[in-house]
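Next comes just one chain, in structure tokens: the form predicted alone.
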């Protein structure tokens, strides 16, 4: 069924994806309306239910589809030849910021999905997210060198704190991209570099 949806005329399929992403992102699963989705996508309601039996199927398929879009772009932009842990994490944060900027509504969808409380989809979304983390996070850290971290501190805790700081910074900016100028985005890159300098002074060996 879902394979048939992916074989649909690309322009029409993209209208459905964009309309459904917007509706679920802004209203959450429970309050989202398939009537609004088909209206926004300019298609018949029968067409949606030709491919998906119900709203739940549409929602979960959309979650899987958007996850693949973001993960593929995210991993594709990371430099596999960067061994230094801190630089790698800084790069990962910058890539995330770029994707926030490129796909603001997709990230709004995920932010809404992560706090979804409707029992009809809550556990399945949590399971999908856990699987995504377990499958893809190890790819970020392949070939990473941790030897520059100071030997007088707990290395595992230092690694965790660096990840929390840089991912937290990127996540805190997820809602500010819709009207961001090039200058503002450049200022954000400078700001994250300043945070990396502080983290380096705190956790790395002095040269």
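Just so it is clear, the structure is predicted and the values come from calculations on it, not from any experiment. Residue numbers count along the first chain shown, from 1.
The same protein also has a form predicted in complex with a further copy of the same chain, omitted here; what follows describes it.
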Quiz item: Hey, in the model of the complex, does residue 185 get a heavy atom within 4.5 angstroms of a further copy of the same chain?
Solution: no
Wondering, does residue 56 line up within 4.5 Å of a further copy of the same chain in the model of the complex on heavy atoms?
no
Is residue 50 part of the interface with a further copy of the same chain in the model of the complex - any heavy atom within 4.5 Å? no
Can you work out whether residue 152 and a further copy of the same chain are in contact in the model of the complex, taking contact to mean some heavy atom pair no more than 4.5 Å apart?
yes
Only hit among 31, 181, 44, 35 for heavy atom within 4.5 Å of a further copy of the same chain in the model of the complex is 31
On the criterion of a non-hydrogen atom at 4.5 angstroms or closer, are 157, 168 and 195 all touching a further copy of the same chain in the model of the complex? yes
In contact with a further copy of the same chain in the model of the complex (heavy atoms, 4.5 Å), from 157-165, 60-68, 134-142, 36-44, is stretch 157-165
Taking a further copy of the same chain in the model of the complex and a 4.5 Å non-hydrogen atom cutoff, the residues of 189-206 making contact are 191, 194, 195, 198, 199, 201, 202, 203
